[in-house]
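Heads up, the chain below is alone and in the form predicted alone; it's given as structure tokens.
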């Protein structure tokens, strides 16, 4: 799962640059904060708040890419750039897909951070 979900070279580069301990802290923080960011996306969608939606998607994109979760980052980027309208038209299907990918990312990151 890890190789498909996380680009291991990107993750290893991060560990080399930042150090194992710091990367474990970053992963732990992401695993705590990402569910709140996903909830922020859902709340912003429900409220029709395009700017809040864009900011949450941007944060998820940046965090995902930092860790090498490239598919997750790309999905969040599409939300960031596409805005509310396409997501509203599909009753939030893209958010459900992003949440599913987050579950895969979270598991893979937890495994990699402890390796």
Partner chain sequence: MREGARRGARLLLVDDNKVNRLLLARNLELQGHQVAAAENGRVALDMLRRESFDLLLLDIEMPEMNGFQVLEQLKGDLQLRDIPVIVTSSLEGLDNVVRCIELGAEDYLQKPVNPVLLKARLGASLEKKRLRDQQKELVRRFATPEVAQDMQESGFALGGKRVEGSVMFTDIRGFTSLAESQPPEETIELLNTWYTLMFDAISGHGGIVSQIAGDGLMALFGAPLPLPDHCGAAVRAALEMLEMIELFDVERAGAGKPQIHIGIGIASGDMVAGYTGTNERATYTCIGDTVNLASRLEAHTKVAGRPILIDAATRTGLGGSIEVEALGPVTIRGKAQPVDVFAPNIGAGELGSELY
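Only a predicted model underlies this, so the values are computations on that prediction, with no experimental measurement involved. Positions refer to the first chain, counted from 1.
As for the form predicted in complex with its partner chain, it is not shown, yet the points below apply to it.
Partner contact for residue 43 in the model of the complex: its partner chain, 4.5 angstroms, heavy atom: Contact with its partner chain, no.
is_contact(residue 49, its partner chain) in the model of the complex, heavy atom dist at most 4.5 Å: No, residue 49 sits far enough from its partner chain in the model of the complex that none of its heavy atoms falls within 4.5 Å.
Distance check, residue 29 to its partner chain in the model of the complex, heavy atom within 4.5 Å: Because a heavy atom of residue 29 falls inside 4.5 Å of its partner chain in the model of the complex, the answer is yes.
Contact flag, residue 62 vs its partner chain in the model of the complex, heavy atom cut 4.5 Å: So residue 62 counts as contacting its partner chain.
Residues within stretch 15-42 having a non-hydrogen atom within 4.5 Å of its partner chain in the model of the complex: Contacts from 15-42: 17, 18, 19, 22, 26, 29, 30, 33, 37.
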